[in-house]
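So this first bit is one chain, no partners, the form predicted alone, shown in structure tokens.
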């Protein structure tokens, strides 16, 4: 593991795709919403599933969409995988998530302290904004921050288990990995996702 070049120099960075793979492995049947950019490539690199919904350009909307799905489909586990920049833009949604607190919603934020899609500029998370503390301050009781593989193993089962809503901020390495590109056809993305979760039958 290497030190991050942004944020606290005392924090170790995790490989983002190892984190995503470990979390997805415990949520095989979950519907997954991804924030734009690297989280989409990360999830697709583990498995390009029909139950993955890729938000290509809707920056800031990943958690809000995940919340709506969780409330509409309580029979499904919903996992949101996004980055610190996207989460910062949609930060207000965490307050509504806390109020509603659906037991089937998990939120994973991959935090490298950078805006990866626009040139690796430093984000507010890299300048001291602790998104796990923000989530806790909004009222999300199960909020964790991890920066080592030991911490990932300690928290993984709790994060994957139903209860009140869960928020996990993973400090990841500052690295540009190969882009694994799933479909960018918005209609195809929507239709295959709807079919995979039986949207027309509403889980009946």
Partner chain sequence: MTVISWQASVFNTLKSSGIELVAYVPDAGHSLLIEKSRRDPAIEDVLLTTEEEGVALCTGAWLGGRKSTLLMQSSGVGNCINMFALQRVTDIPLVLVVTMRGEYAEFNPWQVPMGSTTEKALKLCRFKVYRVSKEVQAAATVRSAIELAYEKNIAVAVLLSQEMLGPKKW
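Positions refer to the first chain, counted from 1. All of these numbers come straight from a predicted model, not from anything done at the bench.
Separately, the form predicted together with the partner chain exists; it is not shown, and the next lines address it.
| task | Heavy atoms, 4.5 Å, the partner chain in the predicted bound form: which of 148-156, 171-179, 37-45, 56-64 makes the cut? Say which one. | result | Heavy-atom contact with the partner occurs in 56-64.
* Asked: the partner chain in the predicted bound form: within 4.5 Å of a heavy atom of each of 15, 136 and 162?
  -> Zero of three within 4.5 Å in the predicted bound form.
Report whether the minimum heavy atom distance between residue 128 and the partner chain in the predicted bound form is within 4.5 Å. No, residue 128 sits far enough from the partner chain in the predicted bound form that none of its heavy atoms falls within 4.5 Å.
- Is there a heavy atom of residue 187 lying 4.5 Å or less from a heavy atom of the partner chain in the predicted bound form? Output for residue 187 is yes: heavy atoms within 4.5 Å of the partner chain.
*Quick one: does residue 96 come within 4.5 Å of the partner chain in the predicted bound form, counting heavy atoms only?*
Yes.
Item checked: residue 69, heavy atom within 4.5 angstroms of the partner chain in the predicted bound form -> Looking in the predicted bound form, residue contacts with the partner chain include residue 69, since a heavy atom lies within 4.5 Å.
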